[in-house]
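Below you will find one chain, with nothing else, as structure tokens; this is the form predicted on its own, and questions on how it binds or moves follow later.
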């Protein structure tokens, strides 16, 4: 089979399209023919050796995939060949087939396409964990989403609306904000042309956002936090903006506010049952049309490096996928 391989920690353009042996399931595993693999910011960081986890070289990047089961180990009794599933694999998904623990597979409802399912585990799982488990966002609260048109950001917009929150989407262009509005944002801030703090004051008065979803970091974090509501919660999710910001600790004190870390990967490992409940809820919402994940581009395996580059350069709206058999 063909797989996109990383032979040295370097830029995505150094990845090679290799022919490798077909995977064979060990005990407790299944093999999935990949219809679509979701592409995420951590995938690019892992290729460059800048992620918390550095897989042994060489490796196949890609942490989430959806497709059809083609093989199961003898001890796997709850899944069978021919079923459509979504799996979280950490690595290996940018290939024609991927081996995954049977425990990491979720059967797909008929109404959910493989392309959409492949966008859910990491970005939507992160937003779900952030808003429900970490921020305890409730109906009627106001959520500010930074980088709102990206994978995690747009997921947060949709999930927050499903939970009954008011959503303020912040992004860098009118085009990106138009997508946020289409998917439920109540108000928008273009931080390339507007003052984030002035616009937040205009939209929330003296209250400020109750929760801030921050997958961007960089120069936006401090002005956003300075606008937070009393008792607010600032969710630290990632640093797509490049720089890891510093925050004066008198600000949480003065606002009675919290800075809360969100590490979905550790949550998925430590609390698999809770993560499985989140994914089941997401699939139900998709099937019911309550949320509608955006797949803005599709790439063949041969052009997988471009998908990672577009993620790094923040050119992606919503999610993009690699389609190995297209």
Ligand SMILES: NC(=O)c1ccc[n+]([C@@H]2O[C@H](COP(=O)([O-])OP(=O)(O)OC[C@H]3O[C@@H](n4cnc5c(N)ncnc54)[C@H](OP(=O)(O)O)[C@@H]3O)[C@@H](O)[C@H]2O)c1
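Positions refer to the first chain, counted from 1. Just so it is clear, the structure is predicted and the values come from calculations on it, not from any experiment.
The form predicted in complex with the named molecule is left out here; the points below concern that form.
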Is residue 230 near the named molecule? Define near as a heavy atom within 4.5 Å, in the model of the complex. no
Quick one: does residue 240 come within 4.5 Å of the named molecule in the model of the complex, counting heavy atoms only? yes
Under a 4.5 Å heavy atom criterion, is residue 312 part of the interface with the named molecule in the model of the complex? yes
Would residue 299 sit within 4.5 Å of the named molecule in the model of the complex, counting heavy atoms only? no
Within 4.5 Å of the named molecule in the model of the complex, heavy atoms considered, which of 216, 120, 135, 158? 216
Give me the residue from 262, 286, 69, 295 that has a heavy atom within 4.5 Å of the named molecule in the model of the complex. 262
Out of 222-230, 108-116, 122-130, 84-92, where are the residues with a heavy atom within 4.5 Å of the named molecule in the model of the complex? 122-130
Within 4.5 Å of the named molecule in the model of the complex: all of 9, 12 and 61, by heavy atom? no
In the model of the complex: members of 76-114 within 4.5 Å of the named molecule, any heavy atom: none
